[in-house]
Every structure is written in C-alpha cells, then in structure tokens.
Ligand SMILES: CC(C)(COP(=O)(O)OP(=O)(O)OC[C@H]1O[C@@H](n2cnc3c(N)ncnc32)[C@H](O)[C@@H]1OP(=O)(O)O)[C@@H](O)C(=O)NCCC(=O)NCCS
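A lone chain, given as structure tokens: the form predicted on its own.
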Amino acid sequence: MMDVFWLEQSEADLPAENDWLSASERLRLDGMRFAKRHADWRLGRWTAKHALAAYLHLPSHPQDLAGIEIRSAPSGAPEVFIANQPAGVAISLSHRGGVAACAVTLSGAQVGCDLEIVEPRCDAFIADYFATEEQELIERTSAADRSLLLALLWSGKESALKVLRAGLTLDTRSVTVRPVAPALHGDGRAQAPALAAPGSYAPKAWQPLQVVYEGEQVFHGWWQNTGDLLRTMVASPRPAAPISLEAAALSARCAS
C-alpha cells in the first residue's frame, strides 16, 4: 500500500507576519476581499508548507517556507513548487472550523482529503446530493448515528472529487461512498455494510472506506472521527492509513 502523510494546524498556530509566503502568494492573499476566504487560504498554505517541510526534511524557517509555493492547477488542485521547480509530491488541502489539514504523498499519485463537522443535515440535502445506495444506508442507520454517517458520506465525496481533480463541478451522486467493515477491507468485492455504532470502532482510529465513481472506478481511503472533527482521505494507488507528520513538524519547529 502507498504511504500518505497527514498534518493538521489551527488558527492558533499561525504567526501574525506573512514573511513565510512567497511574493506571488502575498499578492494573491492581498487580493482576497472576504475575511473568511483570507483566513482559510492563509491557514491552508501555512499547514501545507509545514507538512511539506516535514515530509521533504526541509528547514521550516520563514525564509525557507517562502521558497515552497503552492499554486493552483487549471482544475483548481494544489501543485507544489520549490524554488520555482515542481517538487515531485502530491498534496490535498482542507479546512473547517479554524482547522486545516494537508495530506502528502509521492508524485504521480492522486490524493484527496477533507475535514467535516458532525452536524445534522436536512432531508432535502440528502435527496439532492446522495446516491440511491447512500440514501438506503442512511435509512438503515439509527438516529443516534445519522449525523456521523452523513458527515462521513459527504466528506468521502469531497475527498474523492479532489482525487478526480474535479471538485464540486461533478454531480456528487456520481460518487458513492461505502464505509467498509475492517474485517472485509481488502477483497474489493464486499458489499457496503451499515455503519456500526461509533462505540464499536476503536476510538480515534482510522477506519477504511471505498468510493465508487460512476459505478465502475473504485477508490480506497480512510476516515477518522475524534468527536470534534471527522476526517477522510481517499487516494490512488490504494493508501495505507494516514501517517501523522505532527511529531516531525514539532521537531522541525524546535530546531528552528
């Protein structure tokens, strides 16, 4: 399985200065009119740069981080350049509720990640954005687990659409998310089981999932719920459970 590395940062981690941004990134930031967009973009770039510095074993001084630039491809997907040269890695970014996440893996792979808050969703939202199989799974799920399942299914879609480099330009019903029982993970043929009660999963452990695009193309990934946030990661080739970069990032900060 392919290794994918994961880092999260919060708004409390951000410095007041912008000297860790490249000149072109500072220009782009200055052009953002809306405060939320400004804050989310800045936090995402900060998180990505620290993830890349840890993954590539680079220093994390502000001037070094300024040499790491995350640009947007025509599809909107993030692409990494170091000293104006492609960095040879694949990344995905997400932010929610003052937290940002970055997933990093090797060049040539496809990866998508997403953060979601577990909260109620209305019936109209379910009817408009979820595939028939997903709606049937929701109907079979207890009221106590419904919000968790909805967050998982929606987050899995967001991650898969990033893998497809399409985002929400595609019909969200074209991707079907299947929570996979750990005992069945690996055969690629198991039918989607009902989501078990949260207490039946190991606390804070990453759990497997599948996403099927247009009924044919199968992607694999993982999800994790810690109570405050739900996280998903989907990738191709098939990924192992995400590996935390937090310790490496902390070590790099202490060294600086």
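If you're wondering where the values come from, they're calculated on a predicted model, not measured in any experiment. The numbering used is simple: start at 1 and walk along the sequence shown.
The same protein also has a form predicted together with the named molecule, omitted here; what follows describes it.
Proximity of Val180 to the named molecule in the predicted complex: non-hydrogen atoms within 4.5 Å are absent; the residue sits far from the partner. Taking non-hydrogen atoms only, Lys49 never approaches the named molecule to within 4.5 angstroms in the predicted complex.
Mapping the unseen interface onto this chain, Ala166 counts among the residues with a heavy atom inside 4.5 Å of the named molecule in the predicted complex. Although the partner is absent here, Gly76 is a contact residue: one of its heavy atoms lies within 4.5 angstroms of the named molecule in the predicted complex. Only one listed stretch (139 to 147, 68 to 76, 82 to 90, 117 to 125) carries heavy atoms within 4.5 Å of the named molecule in the predicted complex, and that stretch is 68 to 76. The candidate spot formed by Trp41, Ser94 and Glu158 is fully in contact with the named molecule in the predicted complex: every one of the three has a heavy atom within 4.5 Å.
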